[in-house]
Structures are given as structure tokens and as C-alpha cells.
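In the block that follows, a single chain appears as C-alpha cells, in the form predicted alone.
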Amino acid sequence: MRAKWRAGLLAVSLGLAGILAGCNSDKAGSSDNKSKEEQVTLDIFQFKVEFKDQFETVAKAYEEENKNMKINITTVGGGEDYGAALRSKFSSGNEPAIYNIGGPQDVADWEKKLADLSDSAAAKAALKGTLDGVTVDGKVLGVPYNQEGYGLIYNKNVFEKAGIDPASITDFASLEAAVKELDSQKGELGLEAVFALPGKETWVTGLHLSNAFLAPEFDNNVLTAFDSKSVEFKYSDAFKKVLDLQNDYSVQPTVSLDYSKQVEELFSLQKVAMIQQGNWVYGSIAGIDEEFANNGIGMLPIPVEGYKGDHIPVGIPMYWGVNSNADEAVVKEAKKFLDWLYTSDKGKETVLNDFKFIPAYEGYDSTKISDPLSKAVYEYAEKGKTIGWTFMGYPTGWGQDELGVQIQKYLSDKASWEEVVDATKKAWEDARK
């Protein structure tokens, strides 16, 4: 299977600088031949909680324009395991028409239930390199959601009051010094702690944080990770330092701290100075304090000692897949909907202004990227200061169920760092046999 992927290379910098130059039917949707115009239902099973409301709104608008369409959206994400929920959904026999896949490992797992999207307008408009991880034997089996980046999101006002210049944080030493300075002033700054580390969320630690330190050993290439029989943890010490720094200066206990509390309560209400998250949290912050979201936040790098100290991970978070088990009419309408969403004028406007996405497609105007976190990601990418997203090439479940769970044990003092590394190295090797 893996040999199929060797021809492709995932260019996770994604050419961002040039981004925007310019079945039975009950399984996966249904059709009703009784009406003059064929009625079609699209069941969409998706992971991104941050744009749930906006996505449901645009689906309603699409239904208004296309009277033969009914779109049902189920969102599973945030603190829930989307992969496990998707497997359960398919096992139930109630298969969705459109669902999310994460890259080569997911494509390998779901290939028999993925329609070829090569002829879709969305696939043809996708930026160079963005389809490599979902292309098998010349068939495009998914189209990208968007581009995202993550790092350490910080409170500008708190940093200014503490006398810290964010631009000076370009390596671990300068980050550590800033954290200690903030901690020494947290009473005057009105902080409960410097960080809010959501140790309960294994995707934050086992996927996102780990990626910053594992991607370099795979040359920032998701397909190299997918092909690898083992993981070395070449930057294990650097990984441990950043994890320890967040944990030691975080609201406690971190193992029971979830995404909602981290983003919506502690950071949005300005009770902590920094959180490890990405541009997708803008909407959640704006929903609580729009002024703060628009003018009070920025993004710092995740320093990887021995590699790069001033880079952030940037990549495609998920892809849209269409269920090949669905009726022909459902597959056709699913493609049509995704094409409309990403290539029509109204769809593009929604992607930029409502979803606050950094598009992964040609034909968008970069000046319309409006929120400060997406702008920050775009600027890092323009400067070439990016680390690839390789966690989509981890063995199935390894990032969350193995590494993420082991990190929880470490944060709870139930395992040493060496035990975490040894256990997860073995789990990777066992999965690749």
C-alpha cells in the first residue's frame, strides 16, 4: 500500500505565498424519484466544531438555492475522538455521504469507501502539493478543508504590561525567560497562570505538539512518516522541555483541563497569558470578546531546540471525502456542493469571511484574510518559517491513543519521559509490521 505514495511529496509550505494570486441511499444519503426534480439528501459527518454554526448556515443557504437538496450535518470534534466516531458511524450502517479524512494513513484505511474526485472543480483548483497525501494511483480521494497553523497564542496586552517583546522570542531560552517573567508578575497581571495546557485533549499533545518535534526527523514530509517503520524521537529532549514548560506554568491539574476551558474560559477571559492552539480558535475567542480577538492576540513559534526556534507548523488539517458507496446521484451532488463551497463567488466569500479560513485553493484574494491569527500563519508561511504537518502520516490511532495517553501518564507522574518514548516507539513499530 505504502509504495503507492512514494511518488508524491506533500509540500506543506503549500506555496502559500502564491495562495491567493488573484448503498442503498439510506447508507449515505438518499434520492427520491417521485418528484419532478430528483430530491437528494447529503449527510455530512465532520470534525470542525469551530465553524459548526457557520457551516450549518451556509448549508441552509445552499438548500435555498437548490430546492432539490437536503443537507444534514453532524459535527464531532473538540473534546471528542472524530476517528472513533467515524468508525462507529460506518459500523452502524448509517454511512455519511461526505466525511473527513486526515491524509495518507486515513486514505489507506478508507480507500474502498472514497470516491474519485479528480474531475471536481475543487480538486482542479487546489494549491500545488495539497493533494499529494490523498492521491492514490492518480485518483484524488479528498479535497482540502483549508490551511491552518498553530503555535503559542499570546495576550498582547499582558506581554506589553510585563515588558516582554514578542519578537524577541525566537528560541527556547527566550521563551523560557518570558514565561518566568510572566509568572513572577502574574498577580499584578491578573493571571491564574501563564499557560493553560489541555492535557485531557490527546490531540493537542499527541498530535499537534508532537508534530513540531517529530516532523523534522521525517523531513517535514507526511509521506515519509507514513512509510517509516519506526520513529526515532530525535528531538525528544526539546519535546520534553516545551511540554514541561507548559505543564509547570499551567493552570492545574492539566490532565483534566479540556479544550473548552483552555480556549473559552481561561484564555478568552484573559486568565492565562498563552495557550498552544491554532488560527481555528479565533471564532471561539471572538464569540466571547470580539475586541480582544481582533486586537489583543498574536502567535508565537514553538521552539524546537537543535532544529528551528522560530517556526510554526502549517498544513492541511483535514480533507473532505465523498462516500463511494452512495448512490450515483448522491455522489454527484456531494461533488457539486464541495465545488460550490470552494470555487463559486458566494462560496469563496463564505470561506474567507464566515469560516475565517486560510484557503487551500487558487483564486482567492489574500488581502481578505481578516483575523489576526490567520494573518500570522500566512506571514510565517510567506517567510518560509514553517514546519510540515506529518502527524497525518502517523500509524492509525498512534498520536492520540498511544502517545497522547502516554503523555497523560507523564503529566500525572505515572510514567517517566523515557517510558513514554520507549512505549510509543514500540507501538509505532508494532503498527508498521
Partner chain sequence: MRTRDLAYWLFLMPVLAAFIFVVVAPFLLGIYYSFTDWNGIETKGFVGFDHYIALFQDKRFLDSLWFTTKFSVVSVILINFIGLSLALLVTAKLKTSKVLRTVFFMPNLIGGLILGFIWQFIFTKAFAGFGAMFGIESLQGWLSTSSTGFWGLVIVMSWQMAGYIMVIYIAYLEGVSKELIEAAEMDGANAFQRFRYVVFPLVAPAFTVSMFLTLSNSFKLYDQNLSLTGGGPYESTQMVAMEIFNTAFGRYDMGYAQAKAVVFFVIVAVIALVQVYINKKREVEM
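Please read these numbers as outputs of a predicted model, since none were measured by experiment. Residue numbers count along the first chain shown, from 1.
Just so you know, the form predicted together with the partner chain exists too; it's not on screen, but the next bit is about it.
The three residues Lys234, Lys375 and Tyr378 each lack any heavy atom within 4.5 Å of the partner chain in the model of the complex. Shown alone, this chain has one stretch from 62 to 70, 378 to 386, 39 to 47, 391 to 399 that lies within 4.5 Å of the partner chain in the model of the complex by heavy atoms: 391 to 399. Out of the listed residues Ser168, Ser230, Ser91, Ser184, Ser91 is the one that sits within 4.5 Å of the partner chain in the model of the complex by at least one heavy atom.
Just one of Lys180, Lys128, Lys346, Arg87 comes within 4.5 Å of the partner chain in the model of the complex, counting any heavy atom, and that one is Arg87.
At the 4.5 Å threshold, heavy atoms of Ser412 reach the partner chain in the model of the complex. The partner chain is not shown here, and in the model of the complex it never comes within 4.5 Å of any heavy atom of Gly363.
Interface residue remark: Pro253 is counted as part of the site for the partner chain in the model of the complex, having a heavy atom within 4.5 Å.
In the model of the complex, at least one heavy atom of Lys200 sits within 4.5 Å of the partner chain.
Residues of 38 to 73 that come within 4.5 Å of the partner chain in the model of the complex, judged by any heavy atom, do not exist; none qualify.
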